[in-house]
Structure formats: structure tokens, C-alpha cells
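Before any questions on binding or motion, here is one chain by itself as C-alpha cells, the form predicted on its own.
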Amino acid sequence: MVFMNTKFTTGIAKGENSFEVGKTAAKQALSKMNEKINLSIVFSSSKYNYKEVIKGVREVTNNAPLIGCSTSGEFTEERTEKNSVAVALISSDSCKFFLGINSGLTEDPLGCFQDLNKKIIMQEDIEKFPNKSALIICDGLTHKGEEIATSANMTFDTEIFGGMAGDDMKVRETCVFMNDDSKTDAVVACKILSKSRIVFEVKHGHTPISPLLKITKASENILYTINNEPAWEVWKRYCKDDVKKTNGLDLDKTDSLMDVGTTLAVYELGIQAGNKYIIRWPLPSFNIFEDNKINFDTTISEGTRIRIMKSTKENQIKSAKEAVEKAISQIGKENVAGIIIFDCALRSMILKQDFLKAVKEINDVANVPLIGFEGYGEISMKIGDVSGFHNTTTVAILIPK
């Protein structure tokens, strides 16, 4: 297999001045790169003024094409941070990048992607660049993750990968970036033509703790009943003993919304898909102790077969490592220029200080430059997949040399 040259470098910085932080992170990445920049990737904490961050990065990169988003934690191969800006720079003669951005995502995901597709002008060269894929980054607060993934897949007619923006767990407003622009309720897409296939994998660290159950009443992203019983009552039945044993919390007696939210971050929903599970992040309704409703950040469908799942710190660390290992096994470590990681903010909540271990495990396996962030959902959809939206997972995207 012959690989053309692709260079992938990273930088990460923090401080008080948005422009200077963006500039510093970009300078770090540029110091390892002598070639012309074909694409800048920017992941920025919501602490900063995004337009100023972007301005700083583009000044350093001579206004190279740029994509990115707001985040809830950032990391590179060098370190893991909060309230920082991470930048990756790609120079390549084996990949071509074509960018587009469009708003109106929440109201009409499919229409939004169809309009976006018309905006992205590609000069295809099938003979030289036979592989096509798409990186998409979306507003993280649409509550339509699955509709977004399937709309992107249908419209672009290719494999897609990426994720949802974050805002440092404020859950108020997330943004996506393209060149000098930043938008809410929007999607930014980077269509990629490449000489070698871009490999990506997704893994979660959850295992089932309940028998197979059925969603019997749901509307949009709200779950009312499971097996014709109130949703929260069913959830408690299968996790309360383990919760009490693990941290001493009695779910039958607590009246703390935070206790319930923390519990649901660990004991999530698994949708059965063959011999695998797709993870969905449950959130308590504001009046969960009265109405027993559970909310999600994407549509939940009646009739869906599910199990209640549990994750441990050990399995979260293991799953991140396995996602990268599985991807590398398909291309060979020596052929990887860099890695982009889309990670869930919930993994950081579960792992706490051990999140550093997960990043270290990825570094130990890959030993190449990498950039990643924590957001509000992950996207991974290959040809033939029926679902592409995930929670509490790691999506690893390998950029080939």
C-alpha cells in the first residue's frame, strides 16, 4: 500500500485573552509543521469568545480553512485540559477537504443537510481520490441526534463520523465553527476525498443489568413507560440495589434531582442492535419524583427493545483504548498521521480524575498526534448501519499518512 504525505500536528493552550489563546495553540501546532495548512480543527471551551479564538488561529495559519466547535473539555497527545483551546493542523496531498455550514438544524435536520449539501462544492477526482467520507460537527442541544445522523447519511451518501458540541456542562448554548463564522443551531461539515480510506471506530463501556424491556409510551425525546410501567420506577428496580451498594444512595428515599441525574449518567439506556447496544443518555424530568418521566437528547421510539445498562471506570477506559486499537488494526500504526477523538462529556463525569488514564491509554496505543474534546453525543455511521448517534462513547477517526 502506498501512502502520500499527510502531516498532522496539535497544540493546546489556556489563558484569559481569547485571541491570544487561539493564537498560542495554533503556534504550538505550527511549530511542528513546515507545510501549507489545508485544514485547521479548533475545539474551544465556552469560556472564550469564539470569534476571537478563530481570529487568533487563522492569523497564525494564513487563513487556512477551519472547522470546530465549543466543547466541555479538550485534550491532545500532550495533555488533558478544561477551559482551554485545542488546535490540530493538517497538511496533506492525499486528502482534499470541502467545507460547509448551515443553520436551522433543530427544526428540520433533513432539510438543513440537503441545503448544506448544495453549498459544499467539490472537485472530485475519483481516479486519484477514490475514497469519500464526511466529518460533521453539530449543535449539541438539538435533542435530535439520531435524526441528524441519519439525515447526514442519507444526504451525503457516504460514511460519516463526528459529534455534538458542548459548553462545559452549562447546557445553555453550543456553537460550531467554519472559517471566520460561528453559529448556534447549526452543523458544519467537512467532506473528505482521500487516496486511502479514513478509518473510524466507536466503542462504549456499558454492560446490561436488566432483562430485555420494551418502550411502551414515548413522545419525541421523552420516555413515559417501559413495559407499561412508569419509566423511573422501572429504572430504579434494576439499578437501586447496585447504587446503594456502590455509593450508599437510597433511590427510593432521595428527593435530590442531582442524585438522580448522577445515577442516570452511569445507568444508561441500551438499544439492542443485533448483538450490540447503542447507548442513550437518560436525564431526569424536572418533576421526576411525581411524573416518573425520563428525558433524552434524541428521539425515543415506542416499541424499541432496550436494556438498562451500567458502566464502570475500568470499562470506560478499556472501551476508549479498544476503539483506537480496532481502528489501528485496519490500517497499521505506521500509516497513521493523526487521530481525532470525539468523546462524551459523561465519560468525564464517570471517570473524574481517571479521565487522564483513558487519554494515556489511547496515547500508549497510538503514539501519534491526536486531538479530542468532550461533547454531548457522538456520530459514527458506516454504510449499512441503521443508527449513527451515540452517547457515552469514544469515536476514534484515523487520518492516514
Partner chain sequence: MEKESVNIIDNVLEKHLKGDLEAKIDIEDINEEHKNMCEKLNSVLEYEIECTKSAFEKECTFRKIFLQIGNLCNQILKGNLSKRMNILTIPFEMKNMGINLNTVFETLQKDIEILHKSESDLKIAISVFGFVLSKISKGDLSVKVDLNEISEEYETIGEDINSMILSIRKHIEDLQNRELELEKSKISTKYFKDYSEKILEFADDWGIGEVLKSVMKDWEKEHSYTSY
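Fair warning: this is a prediction, and the values are worked out from it, not measured in the lab. Positions refer to the first chain, counted from 1.
Here the subject shifts to the form predicted together with its partner chain, a form of this protein not shown in this document.
For residue 146, a non-hydrogen atom is located within 4.5 Å of its partner chain in the predicted complex, even though that partner is not displayed. Contact check for residue 183: no non-hydrogen atom falls within 4.5 Å of its partner chain in the predicted complex. Shown alone here, residue 310 lies farther than 4.5 Å from its partner chain in the predicted complex, counting heavy atoms only.
Its partner chain in the predicted complex comes within 4.5 Å of no heavy atom belonging to residue 76. Within 4.5 Å of its partner chain in the predicted complex, a heavy atom is found for none of 242, 245 and 359. Contact with its partner chain, judged by heavy atoms within 4.5 Å in the predicted complex, is confined among 268 to 276, 288 to 296, 223 to 231, 164 to 172 to 268 to 276. Between the options 210, 80, 91, 94, the residue in contact with its partner chain in the predicted complex by a heavy atom within 4.5 angstroms is 210. Though its partner chain is absent from this view, in the predicted complex it lies within 4.5 Å of a heavy atom of just one residue from 262, 304, 158, 179, which is 304. Shown without its partner, the chain has 386, 387 in segment 369 to 390 as residues with a non-hydrogen atom within 4.5 angstroms of its partner chain in the predicted complex.
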